[in-house]
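Starting off, we have a lone chain in the form predicted alone, written out as structure tokens.
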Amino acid sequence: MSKIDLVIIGGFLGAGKTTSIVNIARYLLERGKRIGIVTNDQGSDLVDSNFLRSVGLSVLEVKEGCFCCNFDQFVEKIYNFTEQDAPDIILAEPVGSCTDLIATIFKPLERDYLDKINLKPLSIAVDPKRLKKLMIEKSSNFHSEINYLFQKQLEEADIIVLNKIDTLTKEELEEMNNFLKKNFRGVEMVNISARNGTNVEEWIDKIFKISSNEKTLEIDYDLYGTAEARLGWLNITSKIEGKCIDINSFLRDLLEEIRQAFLKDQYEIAHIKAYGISPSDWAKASVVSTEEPIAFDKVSGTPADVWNVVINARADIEPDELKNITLGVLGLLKERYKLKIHSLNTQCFKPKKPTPKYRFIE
């Protein structure tokens, strides 16, 4: 059996990893490659997995913890793909608050699994607004520990992928590229718009032509753990019922009301995603910063009386407060849209301190 190419695409919450993976998968599928995708989250009921399946991709999940802490489950998912779908390439998306991937994922795989897996260089996707806040640290409401985590993600990248360039002026793009070149020397770089497909082919070319530098980081795991613990995580799955519900308006109002509540109390959003699915259609929307507008990956073209709605929220806020704000907004929309809302599942927590099964630094 030939080796499977494993492509890991990391990056902070809201960087556009999932949209990037869709574009890469489509490009490779068009060229006759068989593709599998492994998603990852600290919880369950993942918007991204639903989204990827909705566009026709094969997805397996590593839940309830990151790849490095659930290393055996990660390898099991890869092997499951080999048995079920025999993919040529697996695209893997680790949790957006994870770093130290070379020492905890790449090197353990190299030690025991290189006869079956061909590791491709580590790509780190970057949201320009998040990068700008790193460049001018005082402009962010995020605690410094989270900026530390973001910095470390960039330090271990083989390829830094500056995404969403369609939102930047020429001057802004040049300033950010200069900053990255100065602070992360020797790293491959590519500027893309995953939403528009700009330069995605150039990125894919780099993935399959260069080798990983296998840079292991000096990581303060206490600080890393503090950074992850700063973020409140909330996953809610609900069923909403009404008459000819416009799910696009519902999702837009849901995220905008949450964003306004965060603005009022000066909390910082890392990423909030909402996905609605009916028997005949679906929609997905997200917001990646308190200052940013709502964006749709897909709008629905057909109203329906019943929708399942999945919300994944990650923010620099206590989990209970995040839950209270979100449930309060759902109550507000229940009255506004004259809905019945049935709670199917709710998870609310802070991630535990990262405890990777393996960590090889040489």
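Since the model is a prediction, treat every value here as computed from it, not as a measurement. Throughout, we count residues from 1 along the sequence that is shown.
Omitted here: the form predicted together with a small molecule. The next part is about that form.
**Student:** Of the residues 180, 109, 288, 190, which one places a heavy atom within 4.5 Å of the small molecule in the predicted complex?
**Tutor:** If I apply the 4.5 Å criterion carefully, the residue I get is 288.
**Student:** Which residue, 152, 230, 77, 271, has a heavy atom that falls within 4.5 Å of the small molecule in the predicted complex?
**Tutor:** Selected residue: 271.
**Student:** Just one of 271-279, 236-244, 114-122, 182-190 has heavy atoms within 4.5 Å of the small molecule in the predicted complex; which?
**Tutor:** That would be 271-279.
**Student:** Applying a 4.5 Å heavy atom distance criterion, does residue 297 contact the small molecule in the predicted complex?
**Tutor:** Residue 297 belongs to the contact set for the small molecule.
**Student:** Within 4.5 Å, heavy atoms only: does residue 91 come near the small molecule in the predicted complex?
**Tutor:** Contact with the small molecule, no.
**Student:** According to a 4.5 angstroms non-hydrogen atom cut-off, is residue 194 in contact with the small molecule in the predicted complex?
**Tutor:** Residue 194: contacts the small molecule in the predicted complex.
**Student:** Determine whether any heavy atom of residue 25 comes within 4.5 Å of a heavy atom of the small molecule in the predicted complex, and answer yes or no.
**Tutor:** Result no; residue 25 lies far from the small molecule in the predicted complex.
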